[in-house]
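Take a look at this single chain, the form predicted alone, given in structure tokens.
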Amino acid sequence: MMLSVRNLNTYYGAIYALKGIDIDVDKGEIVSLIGSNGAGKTTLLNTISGVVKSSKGQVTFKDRDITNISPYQLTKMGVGISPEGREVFPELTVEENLRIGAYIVNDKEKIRSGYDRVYELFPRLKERTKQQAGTLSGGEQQMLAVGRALMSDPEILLLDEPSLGLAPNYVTLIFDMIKEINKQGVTILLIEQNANMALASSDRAYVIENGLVSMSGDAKDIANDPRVKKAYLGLG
């Protein structure tokens, strides 16, 4: 198993945010976490990535304990992170933002191939290499955030709400790129409020409710469950 979470418990101040979460992500998969606002999805990603410390439980990456590890060390191990809200550096150019994503890479040729890979996935970014990131549209900033996470050549990519606030055409484009990145050999853990698109793009899925996993299984089976249809897909 590439990524494994066992009995993870996390507090946000006095709020008991994660109450014993178990999830697994195998090599080559796209696994989505769906749930409503405040369910604990982002807290889970932040705890896996070391931004928030857990109070109990274990996270392993390729059988190595990474519980409460620093994000810097996690990146060095092969975990890429694209946070909620994109968080690009607005005053820096597209190219400079991407270069920051390669801060652990010392090989100039590897950095150059990283640029090529990102620009092939997102041709719009290539057209805007010298443009300040703050002047990009929301969709372009999201492309940049994903591209920046790819610059470290990760084995697994953690994506937090990549479609949030985007126009429909950008949502489609982002999900197409997620599938393409996965085809290139990158395992993906995807947190999404757009349950319809997430489930259609994933191999497996977990439903998070009130800090607990309420459902898990094949993404198609989850999408066809009447409870999920009613609560998250606007059907039934």
Partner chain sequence: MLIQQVFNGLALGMGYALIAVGYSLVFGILRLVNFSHGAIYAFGAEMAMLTISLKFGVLPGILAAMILTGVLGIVIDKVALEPLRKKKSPQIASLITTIGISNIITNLLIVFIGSEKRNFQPIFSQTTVTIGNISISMTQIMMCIVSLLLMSVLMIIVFKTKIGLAMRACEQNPKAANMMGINVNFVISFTFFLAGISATIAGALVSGYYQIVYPNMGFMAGLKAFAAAVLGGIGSLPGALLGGLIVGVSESMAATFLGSTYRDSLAFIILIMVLIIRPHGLFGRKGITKV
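The shown structure was predicted, so the numbers you read here are calculated from the model rather than taken from an experiment. Positions refer to the first chain, counted from 1.
Beyond what is shown, the protein has a form predicted together with its partner chain; the following relates to that form.
Across the options 66-74, 25-33, 181-189, 202-210, residues that bring heavy atoms within 4.5 Å of its partner chain in the predicted bound form belong to 66-74. Remark: L164 does not count among the residues lining its partner chain in the predicted bound form, judged by a heavy atom distance of 4.5 Å or less. The closest heavy atom approach of V105 to its partner chain in the predicted bound form falls within 4.5 Å. Among residues of the shown chain, R99 is one whose heavy atoms approach its partner chain to within 4.5 Å in the predicted bound form. Residue contact check for G138: none of its heavy atoms lie within 4.5 Å of its partner chain in the predicted bound form. Along 138-176, a single residue, R148, places a heavy atom within 4.5 Å of its partner chain in the predicted bound form.
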